[in-house]
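One chain comes next, on its own, written out as structure tokens in the form predicted alone.
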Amino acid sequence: MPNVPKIRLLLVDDHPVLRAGLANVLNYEPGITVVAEADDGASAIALWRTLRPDVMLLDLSMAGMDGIETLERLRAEFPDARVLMLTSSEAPEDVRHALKAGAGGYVTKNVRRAELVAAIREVCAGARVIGESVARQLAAGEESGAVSRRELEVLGLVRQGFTNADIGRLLGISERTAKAHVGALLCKLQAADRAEAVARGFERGLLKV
């Protein structure tokens, strides 16, 4: 298809070997060309300003500015920027945060080649794409209940060992309200106690190491 313009792709990942492998694979795909690579968020945004590619393929976990912050800053400057997240995380909260920040799609690094290429094409066309494995995890997260922003704050304080009274004082809410938030977390995370809730929080990507 010589007359069809190629999708110009910017790869952003802080693992050079993975980037090189992706570039090698994707450059052989008809209609796709990798125009640049970046290993951090600041460089990615600078390259976008200069090259104006069609799609950014963006990792979530990077040193310094992570993928979500990179996405937010990029979309603030270029609201029409089309970004496909390619990450190891299947955590429902990571997916929600990425989509809320403006990602056009979210797939994991164990994705099949054909599915990744299809996702790039769909995001370039303006569609929203969720990888198959990600969609399953997201559905499971929805079944157990989405954790609110306030509950996420409470979970972070539970992780630090604060009591309900402490949490209430720190967040400016009553001890009874803090206790209610903790109870809701135990239910949504299907945890028997506070320690298990923290462990589930790490499993679901709500808490970071």
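Predicted, not measured: the structure shown is a model, and the values here were computed from it. Numbers for residues come from their place in the sequence shown, where the first is 1. If you superpose the two forms and keep the largest set of C-alpha atoms that fall within 1.5 Å, you have the rigid core.
We do not show the form predicted together with the DNA, though everything after this point is about it.
Taking a 4.5 Å heavy atom cutoff to the DNA in the predicted bound form, the contact residue among V35, I68, I32, I173 is I173. Among the residues N27, T50, Q160, S148, the one placing a heavy atom within 4.5 Å of the DNA in the predicted bound form is S148. Residue contact check for T177: one or more of its heavy atoms lie within 4.5 Å of the DNA in the predicted bound form.
Within this chain, A23 is remote from the site of the DNA in the predicted bound form, having no heavy atom within 4.5 Å. Contact between A199 and the DNA in the predicted bound form is not found at the 4.5 Å heavy atom cutoff. Although the partner is absent here, R19 lies well away from the DNA in the predicted bound form, with no heavy atom inside 4.5 Å. Residues H181, V182, L186, K188, A192, D193, R194 are the ones in 181 to 203 with at least one heavy atom within 4.5 Å of the DNA in the predicted bound form, listed in sequence order.
After superposition on the rigid core, displacement of the C-alpha of L26 between the shown form and the other one stays below 2 Å. The Cα position of C187 differs by 2 Å or more between the shown form and the other one after fitting on the rigid core.
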